[in-house]
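Listed next as structure tokens: two forms of one protein chain, kept apart as structure 1 and structure 2.
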Structure 1
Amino acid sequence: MINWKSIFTYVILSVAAFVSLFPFIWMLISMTNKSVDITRGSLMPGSNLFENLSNLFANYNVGSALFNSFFIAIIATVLCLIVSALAGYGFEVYQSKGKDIVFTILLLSMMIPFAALMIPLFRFFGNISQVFPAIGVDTLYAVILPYVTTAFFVFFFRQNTKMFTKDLIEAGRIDGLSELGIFFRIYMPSMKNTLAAAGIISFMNNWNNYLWPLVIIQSPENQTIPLLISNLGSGYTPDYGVIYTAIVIGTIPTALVFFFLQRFFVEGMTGSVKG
């Protein structure tokens, strides 16, 4: 018997995968081509890969940009997961009127476009520089600090905590665990899928962040990958071969992070203890 339902599933997913991946295939092809072939829209792989790579690495400090981007994305992601999970858990498990009001106010912070915050935030870091230059303007920490936690992640963890089986907390209390112990030893391990989803998003946001580093970073040695790519594209004669090579290099880390963390979405049994 032909299983129409599963054929339908595969067809739909294959089409969606193709549409999603097409630009990435194009990027991979483009990194092997000369600039002039890329602007012409060539879909055939070329033989310029080695030259693009050597032009990129010889003329730009890709190594330091990669290091900076990894440094920022990893530290910001780890801090974000801990701080946001704590808060999401706190708001949901120890719900009170006062906390609900605070929560609603926190949500307000998501509602203003970042473009409007940039100037005041830059001035704020200018003031920080006077006292603590190590975390002030033109440091990697200044890139990280505003992303240590955002209302978005607090909201995300709170909503997921709503689906967390609260009986487990009582069980932990009966077993004599401290409240913090329950959070770290029961809640966190059982939220692996939520942590994976938040981790992917946080890593991706921090890795790709452009506007804020553009404003706060000044020295070339503190440049991140998106800043490097945008520098490649400025000027009167951008070399698209080199640009696409840099883009592919800049995309691989997030793709890998996703690929390795997404397995947590399958192992659903860690998500909740059933029955």
Structure 2
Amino acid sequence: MINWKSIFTYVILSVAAFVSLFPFIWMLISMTNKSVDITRGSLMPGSNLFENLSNLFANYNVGSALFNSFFIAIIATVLCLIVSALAGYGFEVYQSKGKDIVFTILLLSMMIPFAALMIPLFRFFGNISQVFPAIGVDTLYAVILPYVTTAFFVFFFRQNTKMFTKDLIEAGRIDGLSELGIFFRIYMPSMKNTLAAAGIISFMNNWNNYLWPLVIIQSPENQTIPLLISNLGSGYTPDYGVIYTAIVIGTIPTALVFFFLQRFFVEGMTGSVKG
């Protein structure tokens, strides 16, 4: 007997998978074609891959852009995980009369769009430049600092900390561990799924960040991959083969991070805590 329900389900899933994968397949095909073939809508692989790669690396500072993007994404992600985990742990473990009020205000800050904060942030880093030029305007640290933590990640860690066994904290105190020792030696290893999930989200957000680097970065040597790709398409006659090649190169790191950490990502998003 034909199970029409299963057939219908697989057809829908196949269509959804194709729609999801088609943009990436299109990118891979386009990076092998000439610009004129891409504008014609060619869906067949070409023989222009190495020429596109050669033109990209010969005419644009791709290595510097990759280094800047990796530096920003890695440093911002590590700092975000530490600061957000500390804040979420503190909000959940320690008792204070005003902590719920502070946490509510923190959540309300999520309603403020980042576009509304850009001008104050730019003026802040402009003033900082006069005292500490190393973290002022047109530096990679100016891109990193606003993303050291967000209200979402503090909320995310606090919610996952609710499932953390509090008896382990008391056991650590009895064994003579300091509060920081308990945090780094007991809490953090137990939250590896949450850390992986938050790390993936933070890394992808910082890697793909475009608006704030566009505002704060002024020199070509400090530009990131999203800025480089944007510049590739700003000419009068853009080379679409080179553009798609740069897009694929810029997509690979985030795809690899998610691929290797996807199991932890699913468990972390569902609130799994390893005891």
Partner chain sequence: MKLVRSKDLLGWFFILIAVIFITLFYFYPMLQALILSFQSGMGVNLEFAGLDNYRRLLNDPVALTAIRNTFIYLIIQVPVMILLALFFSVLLNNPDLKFKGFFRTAIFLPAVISLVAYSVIFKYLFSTDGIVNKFLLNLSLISEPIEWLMDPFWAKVLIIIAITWRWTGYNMIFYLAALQNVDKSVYEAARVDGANSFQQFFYITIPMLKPIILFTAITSTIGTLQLFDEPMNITRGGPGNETLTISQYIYNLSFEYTPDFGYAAAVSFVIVILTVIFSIIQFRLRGDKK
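From a predicted model like this one, the values you see are computed outputs, not experimental measurements. We call the rigid core whatever largest set of C-alpha positions still superposes within 1.5 Å between the two forms. The first residue in the sequence of structure 1 is number 1, and each one after it adds one.
One chain, two forms displayed separately, with the form predicted alone being the second of them, structure 2.
Relative to the superposed rigid core, the position of the CA of F18 differs between the two structures by 2 Å or more. In this core superposition, K97 moves its Cα by 3.1 Å between the two structures.
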